[in-house]
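Below you'll find only one chain, the form predicted alone, shown as structure tokens.
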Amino acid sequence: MSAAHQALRTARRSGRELAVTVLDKGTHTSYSACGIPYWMAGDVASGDDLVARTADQHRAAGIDLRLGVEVVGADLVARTVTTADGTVVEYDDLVVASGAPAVVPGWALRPDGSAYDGVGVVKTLDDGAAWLERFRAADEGARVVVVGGGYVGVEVAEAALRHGFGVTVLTRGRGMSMLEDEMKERVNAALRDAGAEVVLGAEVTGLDTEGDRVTGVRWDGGSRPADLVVVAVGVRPATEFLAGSGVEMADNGALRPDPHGRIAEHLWAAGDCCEVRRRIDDAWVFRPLGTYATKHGRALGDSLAGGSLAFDGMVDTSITRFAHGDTYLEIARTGLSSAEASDLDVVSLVTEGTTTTGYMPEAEPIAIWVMADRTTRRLLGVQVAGGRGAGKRIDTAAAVLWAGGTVDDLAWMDLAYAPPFSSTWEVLGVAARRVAERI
């Protein structure tokens, strides 16, 4: 939708006429999918609160928006798309912004391909509403198994704990795959402190069921009873309708547009169905996230209508938090992990500190992992786990990464000091300084 609106704005400024038609399989528009777990937890009162712009608002802006319309095929030569009901729609330019629905493994499905009762994903507003209904209908002390230990898995575990359910988190690795082991352990510890069971190295192999309803989850090393099972194992680009069209895709189906969103003549793409160039190492990575999607969409819309805006990559920044009872942890990262920098000669370490000066009553622990190139001293990656205010420190590190700065730049940055927030040597600067000294 950012592409559609920007295209209309650019066209109007230049006096061009432009008709924009949007075909969308879903029933809602422009909402925060990342906010759904917080709706499930009760932090957000209504699904309507997650909607940034309604369908009527899009239409009032001049967009021909058609909801509940699934595109199943595209003819790039004839310049047409075909919908599930057989309707053929012609176009001059096609923008693919089809997103990335949640992956549902075969073990979670009935033989007919539908999910068992009590099993689902967390991706759309309809998913969020369905989970709230399941939570409300569940008995006190119901058992919830969350399959997946990434951002969504951690956030949904928090929501289930808030409802008083017993929670087991199963992850086939050691937890959040994009974090260093030292940081993963802090996340796992927070989950356990809040009352969740965390099972590492668990590759789920199947479900136990009675009739159409789930009763348990099995993995290669054990099993647990379950009244509800949340599947949070990732997403996959919704580009199947382009199969056989000749469009080049990554192994997972992701598209790779240029900075203006262009794929080929008359064909454009942006958003979660695309890979994004990581500026630090020029690698193309699949990172479905709203901040990248909307920026790329705006650049695409402007370029399509004759402008020149470009979205030239990202530094791979993300953040979440886990909160239940007395347990609170903010988790953030930017840049490369040590695995992604395995071909470089790097220096990295974890610095422990507090988010405020130690003499302030609200001082909370914080851990910061910093990695830099030993030869060039260039900052390569930063990860943060800690109490309130810890996570947003990642924005400072992301700014240095965006500018191609060094670990020394981060260490000497002019960061704000006031006792309730930071010591005179801000802990992020201390962490960078320690790595600089190690180099």
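Numbering starts at 1 and runs along the sequence shown. Given the structure is predicted, the values throughout are model-derived calculations rather than measurements.
There is another form of this protein, the form predicted together with a further copy of the same chain, and it is not shown here; the text below is about that form.
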Within 4.5 Å, heavy atoms only, which of 223, 291, 87, 327 is in contact with a further copy of the same chain in the predicted complex?
291
Is residue 56 a contact residue for a further copy of the same chain in the predicted complex, using a 4.5 Å heavy atom cut-off?
no
So, in the predicted complex, is residue 411 in contact with a further copy of the same chain at a 4.5 angstroms heavy atom limit?
yes
Residue-level contact is defined here as any heavy atom of the residue lying within 4.5 Å of a further copy of the same chain in the predicted complex; does residue 424 satisfy this criterion?
yes
Could you tell me if residue 29 has a non-hydrogen atom within 4.5 Å of a further copy of the same chain in the predicted complex?
no
Okay, which stretch from 174-182, 210-218, 354-362, 261-269 lines a further copy of the same chain in the predicted complex, with non-hydrogen atoms inside 4.5 Å?
354-362
Along 295-314, which positions have a non-hydrogen atom within 4.5 Å of a further copy of the same chain in the predicted complex?
295, 298, 299, 309, 310, 311, 314
